[in-house]
Ligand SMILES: Cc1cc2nc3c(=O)[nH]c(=O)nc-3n(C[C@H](O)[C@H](O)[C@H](O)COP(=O)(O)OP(=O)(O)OC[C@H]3O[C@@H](n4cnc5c(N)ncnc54)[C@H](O)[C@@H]3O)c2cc1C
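As a starting point, one isolated chain is supplied in structure tokens, in the form predicted on its own.
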Amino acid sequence: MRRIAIIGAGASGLFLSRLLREQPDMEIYLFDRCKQVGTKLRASGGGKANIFNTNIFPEGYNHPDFAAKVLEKVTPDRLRQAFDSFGLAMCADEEGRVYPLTQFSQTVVDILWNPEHPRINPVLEYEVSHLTYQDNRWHINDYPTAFDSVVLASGTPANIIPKNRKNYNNYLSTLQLYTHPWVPSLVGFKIKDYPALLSGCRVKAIASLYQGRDLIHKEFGEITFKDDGISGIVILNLSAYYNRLDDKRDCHISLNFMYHDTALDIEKHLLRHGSLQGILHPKLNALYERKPFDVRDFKMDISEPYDLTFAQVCHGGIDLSEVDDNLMIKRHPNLFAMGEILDMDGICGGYNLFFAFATAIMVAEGL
């Protein structure tokens, strides 16, 4: 009987345990520092679990070449077939975002997780501090069982409050791997000289990220104005492209509130109606009356992204050069890494959960 340890009971860890438990020669131990599995998975997609996207493209990730290799092995259709084999009914929206038919993330966790299964051994509320390889077996802390293979799936400190981030993934230091520091991605921005009057305002606009005069990325969607900055799915996607910049100086966001009418003459409208209250959100209109701005190019200078507490995913992790085509760590035998612990992050819309599940399939085949 081969003993497999999975460190991390998040999306990729749960998915891998579901795949491996069907193998009669494997016994799976699932380690997690929390007392409940799938914490972030339960919260994903606003509690509906946007599990993947039917239209995944490599450029949606920070390392498109690596993403393309993953997609060669695991397509969205193959992932759909895997979930279907587990008995999960799914539906997709007009953007290709795939959800469980129940529209309830707990359904996905329940499909993947069965702690009563005879080959599953949950080890919860357990902090992994170090890994050692001795006599052709892996040892986790002083845990009494030695393992034939270990899979690193402990994710990132995104969306975790500071006190709970203490010692997060510290065991990586014992492996001497080349890693990148974790920084917030899919996160809102704090804005310089922010007009607090806009707090609570929610509008749709074309949002464009610029560095100087260079357009980095633009996208249409809903903008949420917070107390000191902006958020919303479109802004989270801009933050993913922002994080890929080596130099982040001189960056600003431009908002076009007139996306629906490119021909509207603002000056003529003002002469005729005296205000923009029939065009702009009341809070935007109040700001305009105090200090007029270009409604097609409302510039907001980026101060910094919000911190990890508010991030959906992280940018950073184990450098991709550390793993082979089966996601096994090159410098350590029978040690694999998958999901967000690798230096891969994608845009919103199911990209990050797709990567978590797809890499779990790759590791299952490698094992």
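Predicted, not measured: the structure shown is a model, and the values here were computed from it. Residue positions are given as counts along the sequence shown, with the first one as 1.
Another form, the form predicted together with this ligand, is not on view; read the next lines as being about it.
Though only this chain appears here, would A153 touch this ligand in the model of the complex if you measure heavy atom gaps against 4.5 Å? A153: yes, in contact with this ligand in the model of the complex.
Report whether the minimum heavy atom distance between A68 and this ligand in the model of the complex is within 4.5 Å. Residue-level check for A68: no, no contact with this ligand.
Can Y168 be called a contact residue for this ligand in the model of the complex at 4.5 Å between heavy atoms? Judged by the heavy-atom cut-off of 4.5 Å, Y168 is in contact with this ligand in the model of the complex.
Is V363 close enough to touch this ligand in the model of the complex, meaning at least one heavy atom pair within 4.5 Å? No, V363 sits far enough from this ligand in the model of the complex that none of its heavy atoms falls within 4.5 Å.
Can you check 126-134, 196-204, 267-275, 244-252 and let me know which stretch has heavy atoms within 4.5 Å of this ligand in the model of the complex? This holds for exactly one stretch, 126-134.
Tell me, out of T54, N50, N62, N334, which residue has a non-hydrogen atom within 4.5 angstroms of this ligand in the model of the complex. Checking each option against this ligand in the model of the complex, the one that comes within 4.5 Å is N50.
Within 4.5 Å of this ligand in the model of the complex, counting any non-hydrogen atom, which residues from 1-39 show up? The stretch 1-39, when checked against this ligand in the model of the complex, contributes I7, G8, A9, G10, A11, S12, G13, F31, D32, R33, C34 at the 4.5 Å heavy-atom cut-off.
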